[in-house]
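The chain below stands alone, shown as structure tokens; this is the form predicted alone.
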């Protein structure tokens, strides 16, 4: 029996009075029978990849009567191993979230009013306007800004029109880390939890920025005797299972690292063979840092010198089965010295000689997919300069062009460098600094948002809204699952369509086909997702049918421990303590002490820091009623403040305070705790929703981005997101 839709049901009930009198008894609907048959219908099990964060954990979607019943983790997937976090369950339920955009929309007038339009009208109007702008001003005035890490199909189009402006959100996340590791090592390396005897986590909270399998493996390593040390201004979730938690002064992790490196070298504890064979620039580094002792570090970071030396000695004692975790968002976009901090992370691990060693660090296993050829054989425009200056001499030559500088898009528009902006799965008005400044994005000639819901960027700046369907409503190009945590074999997984779109939304491939065809480019994507998937998997001997059956397939192990013959992807094929690109631009090649940009000084001044909560994904999930229920239960919108500082200011737990920075003033409630370094206050990175159409999260709490100006770090382009001093006064609700 086919399930009846709500619309059909309402039509049927409207005619009940006449239908009952006319229809024979045998044809009248028996709802008890209908309900029983619906209950007895089979449950389908379809594989997909969670969209809650960039881990893309493998999920099984269980579908009954055309509706989502539940999701479970895929046991094969290296990042979930059968487990899912609260965010994964919330993101899945967003398929039924009332905050979704349900059809193409067009802004009406200057206010935040929109009218529904057809897909055909949307494509034709956007294509025509974009064509006129490109013909008059050039293709390099088109910007594609996205979250990153997702197939966007945009590069093919940008290549044809001559635009180099593919920009990701990474400058607000981990761009310092990836930039520095690329320069010094040739790519990222990941920790081996299973065989480690000592793990040092600084600014890295796997239980908050969740990779479910990572926490499982960390706790199992602890049960086998591994020592865990967490260094963080806040008693974070990972600290709850640590052997030691060391509260550090925010912005001074670099000093702590320099103290550890100094101890390892001055006490002759480092791996000399590894340094001699696989390191370039050791002598230069030591020449510039030989006076930065543990005592000097202690004065700056407020961790005792003897404790710094103790940690260094324990790392050396357990090396190479010991590591300093490479980190992720925690220190990689936060401070004026984030670049140098990332460099010291590499240097400490190199001094331990733990690269390619059990319990140390390994590169990610990978594989290559096949691709279908474009069906377009027309003219291709020469690319102009990037609108953000990334990789451009005289502007930001050290910033990776593949990442870009998203926080200054309004400046690009004001200077006439950007006229057409596409936002795909990206919301800079809430995830980038200084939202009032970001609102100037609406001044571009054409702004198109491709979102799931009515996020702030869509609501306040978009001229057109082209809604993408929920991740469970589409199939997608396969992904190589790797990175962040060591796993010897690459895995392959993909999203397969589990649900029919319940409204007029589209998968991105179909959106791009419509846009480019309306622009005048025929056959740029002359394939279906099924054909693309088949071409991708063919060279590695897999079929879409196999992948759909298993959900996630592991390939042969390709990254295993080795003791010799190491080669790194740098000019010297060694780990380079001295960065050539820095020297070329007139900087010192090796990292040395750089202080934070700003410091709190007055009695009511604090450094504002932030981080994730285990049940939210930054700003993606605040309109989810289930996850917001957890927030309410845990007072999750509260700002943390050290108990001694709170007492000085007469502030008690639950009090309202006014928080003021150089650009704004906001009100929030306070959680008073001993689990926070006294000089700072901490905000979760989740709240402060200001799109009226997201009713669950609207005006719940505040966001750290409200308070920080949209700066640009010269070396890697990051936002320096914790270089913010706020004053706090009691009251103001």
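Positions refer to the first chain, counted from 1. Please read all numbers here as calculations on a predicted model, not as lab measurements.
Another form exists, predicted in complex with a small molecule; not displayed. Remarks below refer to it.
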Problem - Contact test, all of 251, 328 and 616, partner the small molecule in the predicted bound form, heavy atom 4.5 Å - result: yes
Practice task
Could you tell me which of 285-293, 542-550, 395-403, 451-459 sits within 4.5 Å of the small molecule in the predicted bound form, going by non-hydrogen atoms?
Solution key: 451-459
Problem - Contact flag, residue 716 vs the small molecule in the predicted bound form, heavy atom cut 4.5 Å - result: no
Exercise for the section: Report yes if any heavy atom of residue 363 sits within 4.5 Å of a heavy atom of the small molecule in the predicted bound form; otherwise report no. Expected result: no
Exercise for the section: Answer yes if any heavy atom of residue 579 is within 4.5 Å of a heavy atom of the small molecule in the predicted bound form; otherwise answer no. Expected result: no
Exercise for the section: Spell out, yes or no, whether the shortest heavy atom distance between residue 669 and the small molecule in the predicted bound form is within 4.5 Å. Expected result: no
Problem - Among the candidates 262, 204, 197, 574, the residue which, in the predicted bound form, approaches the small molecule to within 4.5 Å (heavy atoms) - result: 204
Completion exercise
As a check of understanding, the residue in 645, 169, 386, 309 with any heavy atom within 4.5 Å of the small molecule in the predicted bound form should be identified as 169
